[in-house]
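In structure tokens, one chain follows: the form predicted alone.
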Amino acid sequence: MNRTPVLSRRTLLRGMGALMALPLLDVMRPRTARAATPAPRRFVAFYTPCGIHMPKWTPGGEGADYSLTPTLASLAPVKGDVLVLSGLDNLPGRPDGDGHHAAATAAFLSCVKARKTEGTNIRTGISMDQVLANAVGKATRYPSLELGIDQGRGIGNCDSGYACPYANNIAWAGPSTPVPKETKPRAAFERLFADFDPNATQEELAKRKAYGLSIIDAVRDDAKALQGKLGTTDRSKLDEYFTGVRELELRVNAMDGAGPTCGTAVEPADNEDVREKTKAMLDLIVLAFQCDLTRTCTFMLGNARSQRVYSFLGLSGEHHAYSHHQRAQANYDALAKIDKWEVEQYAYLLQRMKGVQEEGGTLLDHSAVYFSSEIADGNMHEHKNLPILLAGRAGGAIAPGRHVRYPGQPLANLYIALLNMFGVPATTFGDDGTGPLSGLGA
């Protein structure tokens, strides 16, 4: 009985001073386990700032017999893969006085009340994604992946006396340790798929930089040698992976104008088009999961109190200003446009994950993809009845395709249920978690 893989899962391709990660191939698994090993479970937390206009979010029906609202309309192609959860509260997100956005963002995944301070003596709780990373992260190259769109400030007051780390991070490795997010697609791409080889010579690094080589070109010789050792299925999987990485690389290059060149290298300018950045980041998540580089990811579509202007939606005001709608119809209409666009990005991620076939189902089938905001109504700074979506089947632990109401139950109980799905034996979580939320499975 042969239990030794032919190839290590941590094998990297090398060339021209570059290192490239590989997807999970059959030759990386023990021969006796290839047919029986299920695909791993993955978790994504998708954060969107400033709340949601709930009248156009919440479906009227319950169970499987519900209709998508205008805000949720883009979920139609994946409606059977999504749970709409209503009624959950995150009361630890309430601030002392003002500061609702920062305090609630700190509690978004921790469900722990943040200490009000503008200084460095910040304190909240470990976030559930990091609890999960501590449990399952040893199996992958990266225990977790933190991505976002807006970098934000590192210190100081960002929301009525609450320090900026509360507003800029949802992942916390401990009560005082926010996990910084990567906001540049190129940096995230290089980290995941195209590290520089620490053993590379200066000549190799200079040559790759001067010629602007693609990562695929840089490791081509090593890749050819590997392909000669693979069976038909693995060669096909590797070709598909190279195609996906190259397409993403081209788009990242196009965003910052850093395509192949033989001329003098120029520091690329950041492209702040939120549409392009968001799509690139979501594609990075899919590829990272497909390669089993990590199984836990958080994504922030904006920081708390986002002041982004969505001019491509025909809007001229800031998101945070619209969220204080003062019951004005014009502000309601603006919020509905922003909310709809945000859900469209989530729907894009789900459809990309649904398109990746794995052993026993799709990538989405083996994942739990969570979507929410730090508050519900932005005008009232409401911490009750939060807007929540949960997509995927988590390997059979979730029965999606329904709208389920949980009036008055703590959000922390959803996190306990999710941790249990991944084998973490949690019975409490945060300040008010009392046990796993029921009714998520069949």
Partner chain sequence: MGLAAAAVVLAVSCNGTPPKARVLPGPDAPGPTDPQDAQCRAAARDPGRVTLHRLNRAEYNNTVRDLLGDTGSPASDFPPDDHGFGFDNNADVLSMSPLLMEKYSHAAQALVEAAWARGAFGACVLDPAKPEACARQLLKTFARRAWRRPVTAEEVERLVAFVTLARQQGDAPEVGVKLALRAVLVSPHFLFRVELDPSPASTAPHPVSDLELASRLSYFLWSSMPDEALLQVAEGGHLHEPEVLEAQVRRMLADPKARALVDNFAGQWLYTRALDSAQPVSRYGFDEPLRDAMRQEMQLVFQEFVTGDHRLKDLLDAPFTYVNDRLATHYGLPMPGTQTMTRVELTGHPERAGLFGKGSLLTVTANPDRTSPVKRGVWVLEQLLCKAPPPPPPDAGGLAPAVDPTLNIKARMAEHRANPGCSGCHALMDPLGFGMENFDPVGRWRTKEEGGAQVDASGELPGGKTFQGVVELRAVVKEDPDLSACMTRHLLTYALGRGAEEEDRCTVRDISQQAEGRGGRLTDYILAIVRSDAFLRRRGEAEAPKP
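Positions refer to the first chain, counted from 1. The structure presented is a predicted model; accordingly, all values stated were derived computationally and were not measured. So that the term is clear: the rigid core is the largest set of C-alpha atoms that superpose within 1.5 Å between two forms.
Omitted from view is the form predicted in complex with the partner chain, to which the following refers.
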Considering non-hydrogen atoms and a 4.5 Å limit, which listed residue (Gly137, Gly87, Gly244, Pro175) is close to the partner chain in the predicted complex? Gly244
Counting non-hydrogen atoms within 4.5 angstroms of the partner chain in the predicted complex, say which of Ala288, Ala280, Ile338, Ile215 makes the cut. Ile215
For the three residues Asp273, His366 and Val424, verify that every one has a non-hydrogen atom within 4.5 Å of the partner chain in the predicted complex; reply yes or no. no
Which of 104 to 112, 70 to 78, 245 to 253, 346 to 354 lines the interface with the partner chain in the predicted complex (heavy atom within 4.5 Å): 245 to 253
Contact with the partner chain in the predicted complex for Asp234, defined as at least one heavy atom pair within 4.5 Å: yes or no? yes
According to a 4.5 angstroms non-hydrogen atom cut-off, is Ile155 in contact with the partner chain in the predicted complex? yes
Does Arg94 reach the partner chain in the predicted complex, with heavy atoms at most 4.5 Å apart? no
Is there a heavy atom of Pro180 no more than 4.5 Å from a heavy atom of the partner chain in the predicted complex? yes
Going through 115 to 138, which residues have a heavy atom within 4.5 Å of the partner chain in the predicted complex? Please give them in sequence order. Glu118, Gly119, Thr120, Ile122
Please determine whether the C-alpha atom of Asp292 is displaced by 2 Å or more between this form and the one not shown following superposition on the rigid core. no
Superpose the two forms on their rigid core, then report whether the C-alpha of His324 is displaced by 2 angstroms or more between this form and the one not shown. no
Just checking, between this form and the one not shown and with the core aligned, does Gly228 shift 2 Å or more at the CA? yes
Outcome for the Cα pair Arg220, Asp283 in the predicted complex, compared with this form (closer or farther; change of 3 Å or more): farther
Per the comparison in the predicted complex, the Leu238 and Arg295 C-alpha atoms (change 3 Å or more) are positioned farther
